[in-house]
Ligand SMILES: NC(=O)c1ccc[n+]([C@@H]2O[C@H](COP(=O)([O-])OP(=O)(O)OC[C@H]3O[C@@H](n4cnc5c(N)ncnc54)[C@H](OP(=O)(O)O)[C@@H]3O)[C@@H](O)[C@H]2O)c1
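Here we start with a single chain on its own, the form predicted alone, put down as structure tokens.
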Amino acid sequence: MRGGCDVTAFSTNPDKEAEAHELGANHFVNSRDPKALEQVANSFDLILSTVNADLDWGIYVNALRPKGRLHFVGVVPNAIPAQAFPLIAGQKSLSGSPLGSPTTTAKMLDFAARHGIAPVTEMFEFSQVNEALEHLEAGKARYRIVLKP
């Protein structure tokens, strides 16, 4: 467990499993595998969604324990459809928040610096912007792409 939390990483790319464990996840779920998603039903107190894609959100609500929360910090393109009964019966909730104010961001950066936490980035020269975009669109980016002058 990381800092008192049992962390599960979800990814559509099963090739990221080893990386997820290296980055601190205790468990990994291939979110393109329906059986893997069924196996985690009623498992989570909190799911923090950072994606900016439309997913089958009912599966994620089903993965929550009673009183669990599906929290969004990524902006999904379309409305989030949700059935009321699973939310009411399980006292589950959907919520969202911005990533943070400048003060919160400064605290997070200070925390990361004190604990040696660094982002995983790939660097591209600015002149390689088209290659960087192709790399991103092909789903090969690990995890953020940075253009440098």
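Note that residue numbering follows the sequence shown and begins at 1. Keep in mind it's a predicted model, so treat the numbers as computed, not measured.
Note that the form predicted together with the named molecule isn't included here; everything after this is about it.
The putative spot formed by A41, K67 and L94 is not touched by the named molecule in the predicted bound form; no residue has a non-hydrogen atom within 4.5 angstroms of it. Only one of 113 to 121, 47 to 55, 82 to 90, 33 to 41 places residue heavy atoms within 4.5 angstroms of the named molecule in the predicted bound form, namely 47 to 55. Put simply, P102 is far from the named molecule in the predicted bound form: not one heavy atom of it is within 4.5 Å. At a distance threshold of 4.5 angstroms between non-hydrogen atoms, Q128 is out of contact with the named molecule in the predicted bound form. Within 4.5 Å of some heavy atom of the named molecule in the predicted bound form lies at least one heavy atom of K16. Residues of 120 to 145 placing a heavy atom within 4.5 Å of the named molecule in the predicted bound form: R144 alone.
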